[in-house]
Each structure stands twice: as C-alpha cells, then as structure tokens.
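One chain comes next, on its own, written as structure tokens: the form predicted alone.
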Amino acid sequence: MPSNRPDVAPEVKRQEIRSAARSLFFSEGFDKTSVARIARAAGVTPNTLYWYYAGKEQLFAAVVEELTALFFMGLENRDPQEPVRETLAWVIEAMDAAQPLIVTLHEKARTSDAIAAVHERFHTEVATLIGERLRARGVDEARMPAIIHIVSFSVEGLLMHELAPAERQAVIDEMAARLFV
C-alpha cells in the first residue's frame, strides 16, 4: 500500500504525481482516470495527492501547464528565421502528440475555472508569440488580430479533423503564404 513517504522532497512528490497523471490521462483519458488510480501509480495515498492538488481538475491543469512550458521551450529553440511553413508544421506535429489532452482541455474549460485559466493562458502566449513573429516580418499591426485568430483556429481545426498528410501540408503552406507576408 502506498505511503506518504516523508523522506521524499515535496517537489519530487509533486512531479511524480504529475507524471503519473499525465501517463494515465494519455492512456485512459481524463474521465476514466480516478484520483485513487493516479495516487496508486505515483506511489502515494489519495490524501497525499490532495495535499498537493485540490482535485483532479487542478492536477490536469498542472499537467497541461507543464506540457505547455515544454511546447513553448521547444518553439523558442527553433530558428526564428526558419520558413513559417516549417514552424507551423512543427507546431501541429508537436500539438498532435498531445491531441487527447487538447480535446479534454477544450471540453473541461467550459466547466472548470482552473482548466479554463490554463487554456486562456496558452492562447494568450500563442497570440503574443505569433504577434512577435508577425512584427519581425513587418506585418501591418492592424492585420495581426485577424491573422492570430486564423492561425489559432486553423491549427485547432487541423488537430481535430483527420486530413491526409499532403492535405494538411497544403493548408499549412497556404496559411504561411497568405498570412505571413
């Protein structure tokens, strides 16, 4: 039976809980993953899990925050001068790997303040990043809000709808050619 393991540093426990939750959220989905199952997989008691996270929604939000940070780190490490189509293709590929969590994020953002806040922060950070890239390319400031929405909605659409790789690439190419000029 799991114990509260007082010899393990709090941040290590918190990370173990997030890692167990992330794995289960990917493999079983949010709704089918119980707090008890997450605690068992992390080697802690459910009470210990609640000590670190107020509930499953807050834990899910923490998992998404962690993945978001990794995503933005990867994006920031890309060459800002690379062709936009390559950056967009990388973004879609990276986000495609997290598609099950993205679907849950959109569903749960309607009913959970914690998850809605993570979703909103992600979109704000994406908008800021796209805006920076557009400014660097000399795009008119008045066009930016519409371009940011088009890119965000198009990426989400590509993630939610199956397209053949060639069709997906055609959408990416068209976005890059028409919006980032």
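This structure is a prediction, so every number in the text was calculated from the model and none was measured. Position 1 is the first residue in the sequence shown; the rest follow in order.
Another form exists, predicted in complex with a further copy of the same chain; not displayed. Remarks below refer to it.
Residue (of Ala54, Ala146, Ala136, Leu70) lying close to a further copy of the same chain in the model of the complex, criterion heavy atoms within 4.5 Å: The residue from Ala54, Ala146, Ala136, Leu70 that makes the contact is Ala146.
Whether Asp31, His119 and Glu174 all lie within 4.5 angstroms of a further copy of the same chain in the model of the complex by heavy atom: Looking in the model of the complex, the three residues Asp31, His119 and Glu174 all sit within 4.5 Å of a further copy of the same chain (heavy atoms).
Contact test in the model of the complex: Glu107 vs a further copy of the same chain, heavy atoms, 4.5 Å: Within the cut-off, so yes.
Interface membership of Pro10, a further copy of the same chain in the model of the complex, 4.5 Å heavy atom rule: No, no contact at 4.5 Å.
In the model of the complex, Pro100 touching a further copy of the same chain (heavy atom, 4.5 Å): Although a further copy of the same chain is absent here, Pro100 would touch it in the model of the complex, with heavy atoms inside 4.5 Å.
Any non-hydrogen atom of Thr48 within 4.5 angstroms of a further copy of the same chain in the model of the complex: No, no contact at 4.5 Å.
Segment assignment from 62-70, 124-132, 111-119, 35-43: heavy atom within 4.5 Å of a further copy of the same chain in the model of the complex: Result for this chain: 111-119.
Residues of stretch 154-181 in contact with a further copy of the same chain in the model of the complex (4.5 Å, non-hydrogen atom): Read in sequence order, the residues that approach a further copy of the same chain (within 4.5 Å, in the model of the complex) are Ser154, Glu156, Gly157, Leu158, Met160, His161, Leu163, Glu167, Ala170, Val171, Glu174, Met175, Ala177, Arg178, Leu179, Val181.
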